[in-house]
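Encoded as structure tokens, the following chain is the form predicted alone, with no partner shown.
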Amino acid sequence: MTVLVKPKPIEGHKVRAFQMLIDGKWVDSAEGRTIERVAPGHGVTVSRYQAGTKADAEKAIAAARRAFDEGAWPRMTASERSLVLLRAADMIAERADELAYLDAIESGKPISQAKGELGGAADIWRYAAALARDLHGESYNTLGDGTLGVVLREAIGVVSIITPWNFPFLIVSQKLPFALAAGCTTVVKPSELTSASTLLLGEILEAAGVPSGVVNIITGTGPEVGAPMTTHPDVDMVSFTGSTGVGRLTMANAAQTLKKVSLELGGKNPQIVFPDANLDEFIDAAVFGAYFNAGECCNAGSRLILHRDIADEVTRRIAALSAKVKVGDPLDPETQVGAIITPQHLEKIAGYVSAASRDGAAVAHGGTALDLGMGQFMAPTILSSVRPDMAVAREEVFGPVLSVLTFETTEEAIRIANAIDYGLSAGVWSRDFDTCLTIGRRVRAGTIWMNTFMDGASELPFGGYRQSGLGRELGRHAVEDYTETKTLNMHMGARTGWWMPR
């Protein structure tokens, strides 16, 4: 059984209409078309955005280009930019409840989770503000008496930032403040499913003192708006978070003009569990890792790789705890798993479960969509007897579906963990620190959690190996990702020419 929290009609429901931010002005799209967002947990329209076009994208890119080439932002001192980012962080914190509500109602995530994400986002903006003042180059006075070398770090220029629907405000906050800290100007495209909180961020940045044209926010679909943002010759860098398939397309588009590309893509993240692990703590982490954000999370711990000696016991205990997870109304503070983003995505998740069952996997818990009277929901699901070659064990389901695999030796566990295309994150559970370090060194992933799962901090880099992406976000080098290095090679005194006698 699953604990259900049936959605209630939204009190005082009113559709909120938004415009786009281009060159410091709030404007409608060039063609006047709009996009309506239906709340996945309540089945009613809650937001209306402008349906941007290529013409709108080009206007935004031109504004960002002017702001970079001629405007004040790249020429401000680092301390001046830092103060603007700090003001923005304070305003984000002040409006956290409003921002969290928009993310919860549009994405279907639980309101309590959305509020937690807003706290994390404000911290990231403050961290980026600190890094703005620490960005520096290098000097070399060891090249001989007649030579001095200076290496500058300069803002890369205009950055296209494209963000997904699963963490609307948090992910834009992992990109935008660092680009601004470096002195870049930007064009931001949030997902057409969850644009509201990013548009509200535009209001906040205007109030915080970001000059016109430095942050442009356009709404619309990938083909209409995202594509020109990745191909336009006046864009110097693309920072994209989303699916691996769209990431490949983004990279191919950017290659036409050899732009710098940062990609944070999919994951199929294992948790490897040994018999000596603290199983009480692991089982809680396993349920959290699988069902957090309804599994619509690139970092989801969607593969359990359990030692055969404990596999049956652990699966039973995870199923028992899964039955207590509260699923339903995103606006109820007690909800732990909210709605699935669209009916089409719910159908895709259910399709993975059905295919796995046909291939011999057993449904240890859940396995079906839930009818709560409105919206679309999926029961927390556990699939046991999963083989490494099954699609559900190799592909990103992006839903609350946990696949259980087994191993006998450390070598086998590492082989199973690495035998996929992704390498975003992984977890290992053992009281033996040698075992943890062995897994940590040999599993090919950007983050390895040891005796915990999905912890994070602004100071710690985030990103993946292989088809989980390129580059890293967060961490002390995050601002540097939005810069180019320039060498100044200075000669002093008389120079010996090529044709002059030596």
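Please read these numbers as outputs of a predicted model, since none were measured by experiment. Residues carry their position along the shown sequence, with the first being 1.
The following text describes the form predicted together with nicotinamide-adenine-dinucleotide, which does not appear among the structures shown.
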property: Touches nicotinamide-adenine-dinucleotide in the predicted complex: residue 243 (any heavy atom, 4.5 Å); result: yes
property: Residue 352, heavy atom within 4.5 angstroms of nicotinamide-adenine-dinucleotide in the predicted complex; result: no
property: 4.5 Å heavy atom contact, residue 189 to nicotinamide-adenine-dinucleotide in the predicted complex; result: yes
property: Close approach of residue 158 to nicotinamide-adenine-dinucleotide in the predicted complex, 4.5 Å, heavy atom; result: no
property: One stretch from 145-153, 104-112, 259-267, 306-314 that, in the predicted complex, holds residues within 4.5 Å of nicotinamide-adenine-dinucleotide by heavy atom; result: 259-267
property: Answer option from 91, 249, 369, 83, heavy atom within 4.5 Å of nicotinamide-adenine-dinucleotide in the predicted complex; result: 249
property: Contact residue in the predicted complex, chosen from 360, 223, 233, 333 - any heavy atom within 4.5 Å of nicotinamide-adenine-dinucleotide; result: 223
property: Heavy atom contacts to nicotinamide-adenine-dinucleotide in the predicted complex at 4.5 Å, residues of 149-179 in sequence order; result: 162, 163, 164, 165, 166, 171
